[in-house]
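The data below hold one chain only, encoded as structure tokens and taken in the form predicted alone.
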């Protein structure tokens, strides 16, 4: 008698790299991302973090959503949807962008790859096909296709990343500039490599047809054998991106289409992403609302905080004085930074209080007892971690 799985439709999908990743996940520490079984960590989050900072690591980005946008109207449609001017994006280049509702509330952020005159790829963290289809209304010479299941993606981040790709035989990879794209022959297909990533360090993202995912993994790990290559999961990613000052959905911002309560989502200006909003280009979604906010100023502003002491300010409330009498903001992400040797955080602060004192009320446990500490915070303008190799061209290859 044939037995069927009653929960088949509910089980998590497996990444094209899963056959290689599963034996390396010694703790069997899995979570989920966009219905994929996804590593939270493999052995130890701190160990994986130090791989990113001292050697190199791979991070599975197959669950990331990938959309192909083609046609004579592709540029016009994307420029209508996102806040940045896509017309400035050159061939074989990538740009970071965000897109908003008509009220100027941020739906998501992501990257746009220009692959041809009328050919783009958009990547983002959450499914966006419905919004893309709405944005495509009225554009007749256009196709929008979800290629998330077709393309495998693997991020390679860390100071030895370039050396690994060079050992793999990718000619002139050290000459690739940040946000640039190169294409290589690989097993009779094309391997696309972009100098992009979410670690704030030297890094690349590798894109290949899913049928060649394991071949890519094997070639990469063979080349990286003497360069400290190791997989890392979401926990180490979150540490690295916070040191770089990068935002994370469900931490720094709520996606507008998923937010129930009024204005508990955010705008680009609140997230300190005003540089992504180009009012000189033609009309785009949310333009009028964002113009008003630009002129009036955002109610909150996301800032980087250097906090005294060594107790991470997780979920801390912020105040304008040590007595903690009036709330002026809240911490969104916090950690003790091994690279910066500092107690760091990202926080939403009421804009009118940014010029004054800021204190964090921190609660932390010690041997099952809760403790409280009030710590002074200093606003920082630059990323907590930004080594020269992140921008250096040619990239260090040893």
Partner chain sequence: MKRYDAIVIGAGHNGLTNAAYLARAGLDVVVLEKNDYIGGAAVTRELHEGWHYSSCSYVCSMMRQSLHRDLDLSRHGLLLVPYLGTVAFGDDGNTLIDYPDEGAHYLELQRHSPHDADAMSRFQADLGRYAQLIRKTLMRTPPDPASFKPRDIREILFLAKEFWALGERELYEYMRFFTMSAADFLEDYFENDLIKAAMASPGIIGTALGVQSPGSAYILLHHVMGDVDGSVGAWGLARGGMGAISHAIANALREAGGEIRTCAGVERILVRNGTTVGVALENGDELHANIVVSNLDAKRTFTRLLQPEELPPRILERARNFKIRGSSGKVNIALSGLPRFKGLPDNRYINRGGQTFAGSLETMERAYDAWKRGTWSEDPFIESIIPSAWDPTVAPAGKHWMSNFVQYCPPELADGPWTPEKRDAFGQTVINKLERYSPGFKDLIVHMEVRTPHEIEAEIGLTQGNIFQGELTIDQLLFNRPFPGYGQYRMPLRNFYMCGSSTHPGGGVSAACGANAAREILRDLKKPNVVPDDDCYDE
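Numbering follows the first chain given and starts at 1. Keep in mind that this is a model prediction, so the values were computed, not measured.
Note that the form predicted in complex with the partner chain isn't included here; everything after this is about it.
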Three-residue site 227, 230 and 309 fully in contact with the partner chain in the model of the complex at 4.5 Å by heavy atom: yes
Segment assignment from 76 to 84, 272 to 280, 287 to 295, 159 to 167: heavy atom within 4.5 Å of the partner chain in the model of the complex: 159 to 167
Contacting member of 330, 363, 36, 43, with respect to the partner chain in the model of the complex [4.5 Å, heavy atom]: 43
Residue (of 358, 334, 64, 339) lying close to the partner chain in the model of the complex, criterion heavy atoms within 4.5 Å: 339
4.5 Å heavy atom contact, residue 70 to the partner chain in the model of the complex: no
Contact flag, residue 30 vs the partner chain in the model of the complex, heavy atom cut 4.5 Å: no
Partner proximity in the model of the complex: residue 350 to the partner chain, non-hydrogen atom cutoff 4.5 Å: no
Proximity of residue 59 to the partner chain in the model of the complex, heavy atoms at 4.5 Å: no
Partner contacts in the model of the complex for 376 to 398 (non-hydrogen atom within 4.5 angstroms of the partner chain): 385, 389, 398
